[in-house]
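The chain below stands alone and is given as structure tokens, in the form predicted on its own.
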Amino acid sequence: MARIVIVGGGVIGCAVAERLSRDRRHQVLLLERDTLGAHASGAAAGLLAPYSEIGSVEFELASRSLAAFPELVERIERSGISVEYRAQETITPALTAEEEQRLQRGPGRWLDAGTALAEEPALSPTVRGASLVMEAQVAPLRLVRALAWTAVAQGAEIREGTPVGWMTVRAGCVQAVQIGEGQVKADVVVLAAGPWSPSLASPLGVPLDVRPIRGQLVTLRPSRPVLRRMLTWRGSYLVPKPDGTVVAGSTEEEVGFDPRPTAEGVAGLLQFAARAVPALGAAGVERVWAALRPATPDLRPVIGPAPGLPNLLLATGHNRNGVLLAPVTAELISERLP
């Protein structure tokens, strides 16, 4: 039985733990320095949007991952945790002539201005039309917890509050990871520590250009429902939630490891929300928060064996699409086990 140690308890690490523990030939141990989903995974809006959020390079990967969600959700919700999965349309309004032309050429169903306002009456009256595509959403922290609980039920062990200090390498393979009480031997290590992954990979001579990108979000509570669908526009989004709130996101800022929201960032999100859906200008601000997402220079996630260390598998660099790409990442890691 191979002992697999997963470093990182965000949505990627927990999805990998769930997938590998399904195969009873693996002994799975997940180590999380804080609490499960404490960083980017727990601070996401939960948009599963391959058309709206993913560049063309990763579209096939994202589409494959989105298609895996219904079966995954059905299985992990046996844990008793609802992940609030909803397949629904995303609307992208055109507010300029250039946007109108671009969206008409895109993959979605085009609506003229009158039809768009009939479908979503709260849209800006200056809308020139809109595109509709079928995507989905989940509650990210609930997803993390359901994945973790399912992994444990399948035999995995999860330790929170357990930071990894370093990894020991002998004969070209990782032998163990160092934690507070000593070493944990490993046949395979999966490094899924988000933007902190390079600090563990670099001492091993593994180049890993993954940087923290701050994403700020705001939860708004309108006095009445204003959106039936998720809305995306120029890289920003509005996600209506079952409790009546709307999550507005997100900034993308390279500011090092500073996770604090800023007045400028929040102001920009509020301005976007009020421009796209004017009624949100009167909504209450319920929550403001930010998280550090792991991004690579080319925005492609890093999934697979580390150069020169075949039993160190990397699973990081998903930027703002970690929740969406979690199922396919877990499957790819499973396929790459030595």
Ligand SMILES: Cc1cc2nc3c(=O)[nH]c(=O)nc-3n(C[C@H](O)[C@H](O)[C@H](O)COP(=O)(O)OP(=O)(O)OC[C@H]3O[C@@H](n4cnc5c(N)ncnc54)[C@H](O)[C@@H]3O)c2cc1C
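Quick note: we count residues from 1 along the sequence shown, nothing fancier. Everything numeric here is computed off the predicted structure, so don't read it as measured data.
Although not depicted, the form predicted in complex with the ligand is the subject of the following passage.
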(message) Can you pick out, from 149, 233, 85, 196, the residue that has a heavy atom within 4.5 Å of the ligand in the predicted bound form?
(response) 196
(request) Heavy atom within 4.5 Å of the ligand in the predicted bound form: which of 226, 217, 201, 220 fits that? Just give me the one. (result) 217
(request) Name the stretch: of 186 to 194, 124 to 132, 168 to 176, 98 to 106, exactly one has residues whose heavy atoms fall within 4.5 Å of the ligand in the predicted bound form. (result) 186 to 194
(request) Spell out, yes or no, whether the shortest heavy atom distance between residue 163 and the ligand in the predicted bound form is within 4.5 Å. (result) yes
(message) With the partner left out here, check for me: in the predicted bound form, does some heavy atom of residue 92 sit within 4.5 Å of the ligand?
(response) no
(request) Using a 4.5 Å heavy atom cut-off, state whether residue 286 contacts the ligand in the predicted bound form. (result) no
(request) Using the partner position in the predicted bound form, report whether residue 321 sits within 4.5 Å of the ligand, counting heavy atoms only. (result) yes
(message) Counting only non-hydrogen atoms and a 4.5 Å threshold, tell me whether 32, 45 and 291 all contact the ligand in the predicted bound form.
(response) yes
(request) Give, in sequence order, every residue of 7 to 37 that has a heavy atom within 4.5 Å of the ligand in the predicted bound form, or say none if there are no such residues. (result) 7, 8, 9, 10, 11, 12, 13, 31, 32, 33, 34, 35
